[in-house]
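As structure tokens, one chain now follows by itself in the form predicted on its own.
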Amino acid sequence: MICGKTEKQLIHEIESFHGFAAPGLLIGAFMVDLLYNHIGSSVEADAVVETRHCLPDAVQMLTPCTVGNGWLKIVDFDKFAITMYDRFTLEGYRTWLDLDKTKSHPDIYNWFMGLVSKKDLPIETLRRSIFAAGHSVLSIQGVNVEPDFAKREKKGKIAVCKKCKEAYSAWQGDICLACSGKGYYSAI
């Protein structure tokens, strides 16, 4: 069982949530499971993920921590690591995919390091390797999260943009960032 789910249930939930049973999300499920084994399921935990790839979905799918509720933060170090910590004491655990340990599971190592093509390593073969490896390819350590980092951002004051008339965070000034030319889109 991984996070209380059978292999079949886990793959089905991953496919439903993520679109397909990505190997990184499968490993992420083992990471979340290992963290829960250490921190305990009764702890009100926040989470930090150190990459934008796959791991945020594992945390959001298997824990109550999401980007939307503010209990999940993403720091883009592009490391395959997750931290879960008690939001009151700031004590927790960090787990990561340990490359030295993956060397005894060549399919995982070769996939993660990009040494083999998808054609040469079928997804089913890689999945079997991941389930066979389980927690054995992970390392874990106790951590204390820095108080300033652990602070949850409050939404803050809302204003109405004088230009587009949409609501936005008032810290942006008299007009929203999009109307001030700093948006990610341009109207057509």
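Nothing here was measured: the structure is a model prediction, and the numbers come from that model. The numbering used is simple: start at 1 and walk along the sequence shown.
There is also a form predicted in complex with another copy of the chain; it is not shown, and the following applies to it.
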- Message: Using a 4.5 angstroms cut-off on non-hydrogen atoms, would Ser129 count as touching another copy of the chain in the model of the complex?
- Response: no
- Wondering, does Ala187 line up within 4.5 Å of another copy of the chain in the model of the complex on heavy atoms? yes
- Query: Heavy atoms within 4.5 Å of another copy of the chain in the model of the complex: does Ser42 have any?
  - Reply: no
- With heavy atoms only and a cut-off of 4.5 Å, decide whether Pro122 touches another copy of the chain in the model of the complex. no
- Task: For the stretch 1-19, return the residues whose heavy atoms include at least one within 4.5 Å of another copy of the chain in the model of the complex, in the order they occur.
- Result: Phe17, His18
